[in-house]
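Only one chain is given next, in structure tokens, and it is the form predicted on its own.
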Amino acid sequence: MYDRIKGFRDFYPAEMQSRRQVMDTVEGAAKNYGFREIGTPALEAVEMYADKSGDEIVEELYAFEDQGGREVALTPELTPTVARMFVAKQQELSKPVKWVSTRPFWRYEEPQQGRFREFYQTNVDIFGSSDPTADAEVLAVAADALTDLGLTAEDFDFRVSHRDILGGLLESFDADVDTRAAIRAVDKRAKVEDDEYARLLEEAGLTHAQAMEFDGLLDTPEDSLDELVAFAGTDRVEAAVENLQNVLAAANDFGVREYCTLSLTTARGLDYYTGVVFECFDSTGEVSRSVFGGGRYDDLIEGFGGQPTPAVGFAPGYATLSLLCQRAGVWPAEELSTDYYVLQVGDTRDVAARVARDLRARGHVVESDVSGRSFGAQLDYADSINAETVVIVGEQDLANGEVTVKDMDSGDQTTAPVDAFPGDHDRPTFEDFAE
């Protein structure tokens, strides 16, 4: 007996059916906005991640040397891959480029609630537009995906910020500040004790007093953002505030402003983010961690050897998204569903197979016996797969030119002419033939 590897999961059919429904809903929201599906490899060169995040990132990867002597890794995220793909065909792609992809990723980290070593994400990205409308469209796709799943404004909240506001405020202090380290500290603000948070800011170069002043600035309300411009006195902060306000105005035009809340303590820990960033949270707080996030990463394409190209995107992961949907009571029921079971009695396989083919041709899920089971065993199996209707094709029925149509919920059944089943009916049921 073999045990499953730690941090990996099995999904049996009932659970997988629910996951597939949610994935299709998220992808469908993106495709409604013209995002096109791409396929990406499971392996990439280790250097692609080390060059971007430093050699220490290798400890967090499933990295190894392949038989050709190449240092490779199972992909821990998609953004570097899509950046590489974009650079490879940058000149021939029509801009903006809008891509969507759902697939598994792998990170060698300690499993915890909502985090596994193998996890599935849908990535939604726009390349080639710096307009605030692109940021707003990403927010709109995310909001539509969640509301299409049945969630409402009472269930989730997009906490929106801007990396250049944070960076510009840090630059305004009379100190030699490691801006990236300080922003990473902000990203950990809600996850560590106050003393630890202050220590991280101080290690980034701020004095204790400056750290406390900077932290206080992050509580500035939306209608007072001009105070941040006045405090910093720099074009960088002024431009960032204007950009953030323009994105929120565009989000209002897209009909998703109600889901967005200003939150300057939202920083996103990855260094490649450059502009507006956001994270989705459970409004009730029952799911204590971020459900997913995204933002603008305008420098990444150039960092991969391409021409300077603005980019923005987000990536919902299904481990955390399932926690939010389950909390809100909108996760699809984890049970099998089957439209028809064609039950065969005696030497009737040819007719039973024809009936099954005709029903499948109408787009229905149809099962039939492949094990030579008895009538009772087939009926029990039909019940176990939640068949809505059972069509019984028996020798006696066929002798009378009929099949029996049984509604599995009520147990009622009737007969129908075999030559007229399914006939002109798109979804024939007991009611269609009952007298």
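Throughout, we count residues from 1 along the sequence that is shown. The shown structure was predicted, so the numbers you read here are calculated from the model rather than taken from an experiment.
Beyond the structure shown, there is the form predicted together with another copy of the chain, which is absent from this document and is the topic of what follows.
Relative to another copy of the chain in the model of the complex, residues Ala230, Thr265 and Gly285 are all farther than 4.5 Å at every heavy atom. In summary, the region of this chain contacting another copy of the chain in the model of the complex, judged by heavy atoms within 4.5 Å and restricted to 249-257, 314-322, 204-212, 217-225, corresponds to 249-257. Using a 4.5 angstroms threshold between heavy atoms, Asp369 counts as touching another copy of the chain in the model of the complex. Contact check for Glu44: a non-hydrogen atom falls within 4.5 Å of another copy of the chain in the model of the complex. Using a 4.5 Å cutoff between non-hydrogen atoms, Val160 does not count as a contact of another copy of the chain in the model of the complex. Not displayed here, another copy of the chain is kept clear of Phe375 by more than 4.5 Å at the level of heavy atoms in the model of the complex. Just one of Leu398, Leu379, Ile385, Met408 comes within 4.5 Å of another copy of the chain in the model of the complex, counting any heavy atom, and that one is Ile385. This chain appears without its partner; in the model of the complex, the one residue of Arg236, Arg289, Arg117, Arg184 with a heavy atom within 4.5 Å of another copy of the chain is Arg117.
Contacts of stretch 92-106 with another copy of the chain in the model of the complex, defined by any heavy atom lying within 4.5 Å, are made by Leu93, Ser94, Lys95, Pro96, Lys98, Trp99, Trp106, listed in sequence order.
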